[in-house]
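Form predicted alone, single chain, as structure tokens, below.
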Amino acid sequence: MKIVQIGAAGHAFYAYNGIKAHNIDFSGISAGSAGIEAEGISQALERLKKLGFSPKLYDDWREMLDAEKPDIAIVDCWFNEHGKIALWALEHGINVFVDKPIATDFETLDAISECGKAQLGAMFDARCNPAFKAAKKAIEQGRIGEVRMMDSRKSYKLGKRPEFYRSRETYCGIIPWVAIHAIDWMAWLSGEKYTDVSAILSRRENGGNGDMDIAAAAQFTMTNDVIATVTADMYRPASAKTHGDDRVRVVGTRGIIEVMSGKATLISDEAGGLIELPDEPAGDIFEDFLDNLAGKSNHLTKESAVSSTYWALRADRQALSRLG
């Protein structure tokens, strides 16, 4: 099996352990339209060299895909190019492992959804987190009864952001970039589907980053009248121990599960009050993708990635319309 990488602006490294473990031929790397330095290709090459990889550097990603004819393309360039490049690869029979969002417009997203020439997996890594997996297991076991409400939070440190975050043409917005994780995990945890959304966002006090929105909130209606909310911000203090703060509260008819600070807890009368759920073994999102390619169906489907992206874009467009 042969793999290549396009861009290094996000989480391509999610695939590196799996590539090494399966002795996959890492044959090429290139940037998207932004260029080698803007997309961090030089730093990626240094990291790959330390892991024992030596991909050939290409100036053009199309030239690389034509020359290498890979089985898999990792797509990790600037957000606005994910969809275009992923779609090109899929239409040429190349499987795609892509960072989120998988597209930033509905037309491209529809085309990705309809393309059946190859498979796609998206980098929704919370599905592999030990605490989130513990919550999922307990919900599937019926330990909180029927899910009725969910509330999620995503908070990141702002830090120093690359130039492309300053413009809506290259930065997709905090909902499709950050809140999308919670949009994905709430559907995955509950097994429900989204049916409607209302959202707001703010660009105030964004550290001088142009028109980058830095805070947002969205309220979703789901099947079976489940209510789901998410907030996302980039105000997490620099002194915090971790870059991100991921939280979810799942309310059921017989109990409540919360994931916070990397731990899952359950409170219910049947449990005798509040208990901490034991972590499940950590997963590997790229290994799950490889399993799909091998015909082993699992949670990481193109359909779920398309749905999470669709509702993130719906929420984003709704929030933008409120800005006037």
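The first residue of the shown sequence is 1; numbering continues from there. Quick caveat, the model's predicted, so the values are computed rather than measured.
There is another form of this protein, the form predicted together with another copy of the chain, and it is not shown here; the text below is about that form.
- Put simply, Val178 is far from another copy of the chain in the predicted bound form: not one heavy atom of it is within 4.5 Å.
- Under a 4.5 angstroms non-hydrogen atom cutoff, another copy of the chain in the predicted bound form lacks Phe132 among its neighbouring residues.
- Although the partner is absent here, Gly208 lies well away from another copy of the chain in the predicted bound form, with no heavy atom inside 4.5 Å.
- With a 4.5 Å cutoff on heavy atoms, Gly255 counts as touching another copy of the chain in the predicted bound form.
- Proximity to another copy of the chain in the predicted bound form, defined as a heavy atom within 4.5 Å, holds among Glu146, Glu163, Glu169, Asp71 only for Glu146.
- Among Ala232, Ile94, Leu120, Met186, the residue placing a heavy atom within 4.5 Å of another copy of the chain in the predicted bound form is Ala232.
- With another copy of the chain omitted here, the record of contacts in the predicted bound form names 260-268 of 62-70, 28-36, 260-268, 292-300, defined by a heavy atom within 4.5 Å.
- Residues of 186-221 placing a heavy atom within 4.5 Å of another copy of the chain in the predicted bound form, in sequence order: Asp196, Ser198, Ala199, Ile200, Leu201, Ser202, Arg204, Glu205, Ala215, Ala216, Ala217, Ala218, Gln219, Phe220, Thr221.
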